[in-house]
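First comes one chain, alone, set out as structure tokens in the form predicted alone.
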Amino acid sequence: MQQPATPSRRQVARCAAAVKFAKYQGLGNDFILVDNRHQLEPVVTPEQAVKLCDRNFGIGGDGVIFALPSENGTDYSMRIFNSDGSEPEMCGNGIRCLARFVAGDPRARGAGAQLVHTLAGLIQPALLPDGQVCVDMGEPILRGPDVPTTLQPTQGEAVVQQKLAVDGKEWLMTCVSMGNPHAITFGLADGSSIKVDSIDLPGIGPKFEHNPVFPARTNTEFVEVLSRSHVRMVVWERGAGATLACGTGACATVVAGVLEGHTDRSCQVDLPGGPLHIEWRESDNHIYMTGPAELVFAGSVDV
């Protein structure tokens, strides 16, 4: 009887390189989720993340997110590599997906709150009975140098409706950090308002992202006001480009809307992938983001 062939060293190495994953999406903002709680360092490198996020030759996604071991008494830690290999501080849609992934059952309801360590600080997502995820995103950062931006402050230390020349136009920018930098515009210095359907994101987005007034680059939100409780927004994400949704961007948009007098503190933000509900509470100055997170498929991949 013929004995089975002994695996070659190369075959063993290939098996060892297989990574289990689950792909989730939140309003079309999609991520590759990896349970990395067995070790501190991500099992996927930034270079490998770029290949995995490729929509033609990989799994496809806006980023790779890792559930890492807990730090400082948290339930677990979060890190993310963007589709270009860069590492942002946090991702709002991503942490909703991660919370459902860690809960272990994509259909779980009311599984309670989690405490997550991120590069943007402690974030608390909670699975709700209706299947959505509500995330306590903490307090917004408004001091210009902490966003960071070199634009001059206009309201105390905050940069609100400051002029910025981009592509031959003067845009009115409000800058907010949700642990990651955002530049939000509702219109131009000539008084014209944003109409999101007319924004050429691939053309204008990179000019904001790489503008020297944003030393860490920036996410950019272009916002159309429908009412004080309802806005539309499109986003150019730092390191990912045009995406269907950005949770931290929706949070920053409502903060900017309140500061500029356009919106109330409780507001629906319509993104290309669907709506998020954002509330900036006066009681604790925290921002609460509520929206969906859904499993697309799961598998394993050889990196």
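Residue numbers here begin at 1 and follow the sequence given. Source: prediction; values computed, not measured.
Here the subject shifts to the form predicted in complex with a small molecule, a form of this protein not shown in this document.
Stretch 243-251 is the contacting one of 52-60, 34-42, 260-268, 243-251, since its residues have non-hydrogen atoms within 4.5 Å of the small molecule in the predicted complex.
Though the partner is left out of this view, T174 does not reach within 4.5 Å of the small molecule in the predicted complex, counting heavy atoms only. Proximity of N180 to the small molecule in the predicted complex: non-hydrogen atoms within 4.5 Å are present. By the criterion of a heavy atom within 4.5 Å, N219 is counted among the residues contacting the small molecule in the predicted complex. Taking non-hydrogen atoms only, C97 never approaches the small molecule to within 4.5 angstroms in the predicted complex.
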